[in-house]
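Here's a solo chain for you in structure tokens, the form predicted alone.
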């Protein structure tokens, strides 16, 4: 009932905010979003204290936390149900979603000054869909939520975005919608080739793992073809090279609170889906394709970092760095080791917090200076000490500073991938190349900070620069504290992640 309560309260709050006057919409939306945030924090505490050792929701459904299943409809011979529940993979992502939504809404109080009830209503509607994506355990229900995220994101970019907002919104929608169709085709090619009678994710995982006698197309087994189609569909959402071109445009044109949600949560939909479908349901095929998939991950790390190094727009710098960070997640997943796959999942949480913090800090700077261009401003540290201090801390978190969440996630991935059996002799080489990405990250972040935050004060735009308002800085401080908390005590999430990753590693003989 807990997941249903989160969905219902947020959905009712969405309608209430849509109908409220603009002058009350921002505060009301923050109050509404605080309810699922507090609820998920309580669920997180309950999970830590009462569900220790809970397995994987797809592989040991009897151990699902906060589970609920109600028959819904029948599609031909396939039964569809309202089936939700959480494990150590989805629980941290659910908490990340609800907490980050609340902070993003508060951060919108300054920049969003028109059609506010519609903006905040769409933010809450997106939260409903995101909660569903991370908790649904029936494919039909999951796909409804998955597609439901596209609608508010398209409108939020297209209506409240920058000068090229329509182009960015359409590009985002076309890329992600086409990717969903390709993923859908790959998945249902397997569904129709097995004797499935239910679309529940645990049933699908069992059927795909035990499937035999599947047809071949041009000499390639259907399982491999489906894996490639599904990987392509989910990789667009991550995104990885060369499927990343929609992301910088979407980030640059989106208002800052939307960029926070896009980088902090929406990108994790792709890596979460890869873990659930490709690396859990089709684990044997993932092991066979581990080396080419790892190469894609490493190329994304280096390519994204090099592109970031060439940017002058602070938003584009952070956007391209997200591509680089998601490459680490791919490398960790294909390792199929406790630290590799567990670290990849932890990195989803760490990157969600740090990238959200970075985009939010850039937004606060833009609200005051009305520019994001490196070279148009310098010496902001004296005028905006709190904002700049938090931005610098977040940047060092991105670089992998010890005792911050980014360091823990990257360390786990490197430890797990360096001698990964699935990568064979290529493991040390690929891991070392990925490590070099950290050097590039340090290069472009230090260069950008030196040019914009320190030195003599200068501003090309004609605006007065003063310390940001409390409601602008407070969300930054909360996110920074969470980044430090997970860096100092990674087992707050890593232990429950490991419990749910372990059953995946046992598929096909373990690692």
Partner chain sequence: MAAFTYAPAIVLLPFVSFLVALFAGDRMPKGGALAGITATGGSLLLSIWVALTVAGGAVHNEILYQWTTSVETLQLNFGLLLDPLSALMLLIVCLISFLVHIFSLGYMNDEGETGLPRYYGGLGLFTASMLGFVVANNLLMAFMFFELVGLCSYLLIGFWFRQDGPPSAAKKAFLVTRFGDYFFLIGVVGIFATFGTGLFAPITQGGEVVAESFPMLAEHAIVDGEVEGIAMLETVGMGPQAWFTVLGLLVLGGVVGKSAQFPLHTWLPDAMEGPTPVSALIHAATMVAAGVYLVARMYGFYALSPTALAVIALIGGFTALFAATMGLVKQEIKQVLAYSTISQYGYMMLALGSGGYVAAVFHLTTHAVFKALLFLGAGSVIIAMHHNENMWDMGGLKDRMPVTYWTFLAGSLALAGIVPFAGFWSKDEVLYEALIHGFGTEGGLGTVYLAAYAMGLLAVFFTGFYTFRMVYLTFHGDARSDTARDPEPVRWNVKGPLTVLGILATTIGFINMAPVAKLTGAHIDFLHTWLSGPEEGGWPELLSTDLHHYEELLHEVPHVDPAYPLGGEITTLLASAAVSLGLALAGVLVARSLYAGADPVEHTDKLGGLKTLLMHNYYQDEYQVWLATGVTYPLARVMNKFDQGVVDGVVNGISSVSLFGGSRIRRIQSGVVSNYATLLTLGLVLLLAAFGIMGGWF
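Residue numbers count along the first chain shown, from 1. In this text the structure is predicted, and so the values were computed from the model without any measurement.
The protein also exists as the form predicted in complex with its partner chain; that form is not presented, and the subsequent description refers to it.
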Contact segment among 278-286, 256-264, 360-368, 240-248, judged by heavy atoms lying within 4.5 Å of its partner chain in the predicted bound form: 240-248
Residue 400 within 4.5 Å of its partner chain in the predicted bound form, heavy atoms: yes
4.5 angstroms heavy atom contact with its partner chain in the predicted bound form for residue 45: no
Contact test in the predicted bound form: residue 407 vs its partner chain, heavy atoms, 4.5 Å: yes
Partner proximity in the predicted bound form: residue 372 to its partner chain, non-hydrogen atom cutoff 4.5 Å: no
Proximity to its partner chain in the predicted bound form, single hit among 306, 207, 291, 228 (heavy atom within 4.5 Å): 306
Heavy atom within 4.5 Å of its partner chain in the predicted bound form - residue from 109, 82, 232, 411: 411
Within 164-182, the residues that have a heavy atom no more than 4.5 Å from its partner chain in the predicted bound form: 167, 171, 175
